[in-house]
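Shown next as structure tokens: one chain only, the form predicted alone.
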Amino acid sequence: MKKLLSITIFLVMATMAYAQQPDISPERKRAIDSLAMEKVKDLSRYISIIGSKDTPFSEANRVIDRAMELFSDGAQMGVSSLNTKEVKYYGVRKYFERLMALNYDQVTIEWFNIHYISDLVRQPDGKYVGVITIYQKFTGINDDGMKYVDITKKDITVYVERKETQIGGRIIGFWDVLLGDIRVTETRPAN
């Protein structure tokens, strides 16, 4: 009986905490969606800069630090290839370091067809989670003419949560958007 009472109290408290989290108005949701898409586009630019062999090492490291600010702690990036069916996942920083070190003389990475496939859904902890899909065209070329090209479809988890900051002695609430895991869902040859 005590265990049942404890579970009931826990569920009531969890429900009350959930109910205290503010809902997102339609206008605010559009602003959050826009911010999430902007962060994904920023990541696309950062990946292009980091992967480019024309980017100086110090600049690539500076861009990696900026790109890391887009992600939630522990986020992972999927890596695939036409040469294997296995998808490998790396921590975000490790992914960027590996991208910088790719053994090609020229690397071009382009993202296209970026769109939401899953609307923001409220979680029991008050955070919202959604999924944005992107397509990535990767081209690696060596000086001897060897060329590798693929197109990868990736799903990016997006986390939205209410945060507070203090400005001029006042507590200001705001919605923050962070990127989570980036999962590979398909890799195919480029046509």
Partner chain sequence: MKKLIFGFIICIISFASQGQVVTNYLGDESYFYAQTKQINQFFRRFNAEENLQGERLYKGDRHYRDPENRKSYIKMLFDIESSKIENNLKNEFIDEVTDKNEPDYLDFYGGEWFAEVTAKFRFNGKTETAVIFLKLEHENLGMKWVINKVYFKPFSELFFTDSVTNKFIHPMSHELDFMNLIKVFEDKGQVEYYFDKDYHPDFKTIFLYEIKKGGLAFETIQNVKFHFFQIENWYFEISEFNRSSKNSGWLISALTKIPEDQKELLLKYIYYEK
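Here, rigid core means the biggest group of C-alpha atoms that superpose within 1.5 Å across both forms. Source: prediction; values computed, not measured. Positions refer to the first chain, counted from 1.
Beyond what is shown, the protein has a form predicted together with its partner chain; the following relates to that form.
Note on contacts: among K53, R162, R62, K137, the single residue with a heavy atom within 4.5 Å of its partner chain in the predicted bound form is K137.
Mapping the unseen interface onto this chain, T133 counts among the residues with a heavy atom inside 4.5 Å of its partner chain in the predicted bound form.
Its partner chain in the predicted bound form is not approached by N103, whose heavy atoms all lie more than 4.5 angstroms from it. Its partner chain is not shown here, but in the predicted bound form it comes within 4.5 Å of a heavy atom of Q123. Proximity of E86 to its partner chain in the predicted bound form: non-hydrogen atoms within 4.5 Å are present.
Contact check at 4.5 Å (heavy atoms) against its partner chain in the predicted bound form: all three of K29, W111 and T187 pass.
With the core superposed, R28 shows a C-alpha displacement of at least 2 Å between the shown form and the other one. Figure legend: C-alpha atoms of K85 and G130, shown here, are separated by at least 3 angstroms less in the predicted bound form. Distance between the C-alpha atoms of V107 and S81: longer in the predicted bound form than here (change of 3 Å or more).
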